[in-house]
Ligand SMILES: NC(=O)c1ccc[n+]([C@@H]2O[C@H](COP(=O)([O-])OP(=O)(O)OC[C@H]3O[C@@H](n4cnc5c(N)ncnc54)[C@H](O)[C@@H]3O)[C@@H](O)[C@H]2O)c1
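The form predicted alone is given below as one chain in structure tokens.
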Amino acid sequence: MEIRIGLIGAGWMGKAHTNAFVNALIAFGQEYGKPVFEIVTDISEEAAKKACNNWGFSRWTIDWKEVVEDPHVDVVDITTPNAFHYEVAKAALENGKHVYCEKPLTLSYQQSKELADLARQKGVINYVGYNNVMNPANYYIKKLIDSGKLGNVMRFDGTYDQDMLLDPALPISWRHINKYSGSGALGDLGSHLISVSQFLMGNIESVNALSKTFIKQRPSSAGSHDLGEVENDDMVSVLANYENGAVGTLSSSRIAAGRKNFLSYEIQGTEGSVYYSLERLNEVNVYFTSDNSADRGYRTVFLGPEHKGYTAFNPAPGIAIGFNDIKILEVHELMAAVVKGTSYICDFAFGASIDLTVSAILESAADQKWVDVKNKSIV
């Protein structure tokens, strides 16, 4: 079965998605669909042409509405900046398209819930790109939790830090402006941490958050002496209560010196604990109280064929997989849903649940009070 792709956004993430479609076919075979690159669009004519020529698309346009209305497109793939997700995804759904949208789904819970409800009404596949959920390490850890091997899970302690915006000479971009990004480190990085957290632990019930902007002004353009105001957070820290009774601490920074892609967390239970860091993507550290006391300690488990998704790439344990492989697993899950009707985690309802938590954190940080996530009211 051919799956005809219409890509909206020809930047780095558009390239990552296209690469994932190509390699999903190689890794899993035509049984799960054959991607056909029908049409690509970007606001830049040069970028659209380049993507068409280099990535194998049949056609290009600078009008995204042509893509969502095109009868030859099965899946609309959205890789634009955050602020444009809602309008494009809504139009695609209204045209009966399957939709694959990079995270976050929208800039507000209300918009995301509207899209989730519309997608359910239309009966189409609706996938939001929280790719870290697809990491084989996280599926292994989820299995540990669900099997009871960690006992009663009491705590999630997680961080997602990068230093990509540490240099104050870096100019203002859409990531610094709320009407385009929604928030700063929280929405860009922290939402990934929240997605993993809620996949593993279930939904967060209430939050108490603190956020801060350390680099308050940046050049309006590279080398300019004109400064623009940074509107959102460089750093956020959150205390959380989960619906399952566990407690959590979650934090994120985009100015963390020395941290490149530090999504890390520890989960502590009554019978064991687990620690994981994306900077050591192929290693999971586990500890079990059932071990002989003389030998008890954290052990390293290398990802291998017994971990979901791994065998698509390597036949033996300890052979590293990477970021692009996780994107391939994400695209495979999307294609399997389209072709075979299989279930998937990261639907628009899941994306909306992340956006609800993000909005509660923003409210808590602004008011410096506990906020109930589900009711969005002060507690």
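Note that residue numbering follows the sequence shown and begins at 1. From a predicted model like this one, the values you see are computed outputs, not experimental measurements.
There is also a form predicted in complex with the ligand; it is not shown, and the following applies to it.
Go through 110-118, 95-103, 217-225, 202-210 and give me the stretch that gets within 4.5 Å of the ligand in the predicted bound form, heavy atoms only. Going by heavy atoms within 4.5 Å, the stretch is 95-103.
If we define contact as a non-hydrogen atom of the residue within 4.5 angstroms of the partner, is F84 a contact of the ligand in the predicted bound form? Yes, F84 is a contact residue.
Would you classify K327 as touching the ligand in the predicted bound form, given a 4.5 Å non-hydrogen atom cut-off? Yes.
Using the partner position in the predicted bound form, report whether A360 sits within 4.5 Å of the ligand, counting heavy atoms only. Taking the distances in the predicted bound form, the answer for A360 is no, it never comes within 4.5 Å of the ligand.
Tell me, yes or no, whether W64 is in contact with the ligand in the predicted bound form, where a contact means a heavy atom of each within 4.5 Å. Taking the distances in the predicted bound form, the answer for W64 is yes, it comes within 4.5 Å of the ligand.
Of K308, K149, K122, R175, which residue is found within 4.5 angstroms of the ligand in the predicted bound form when only non-hydrogen atoms are counted? Selected residue: R175.
Pick from A316, I26, I43, A320: which residue has any heavy atom within 4.5 angstroms of the ligand in the predicted bound form? It is I43.
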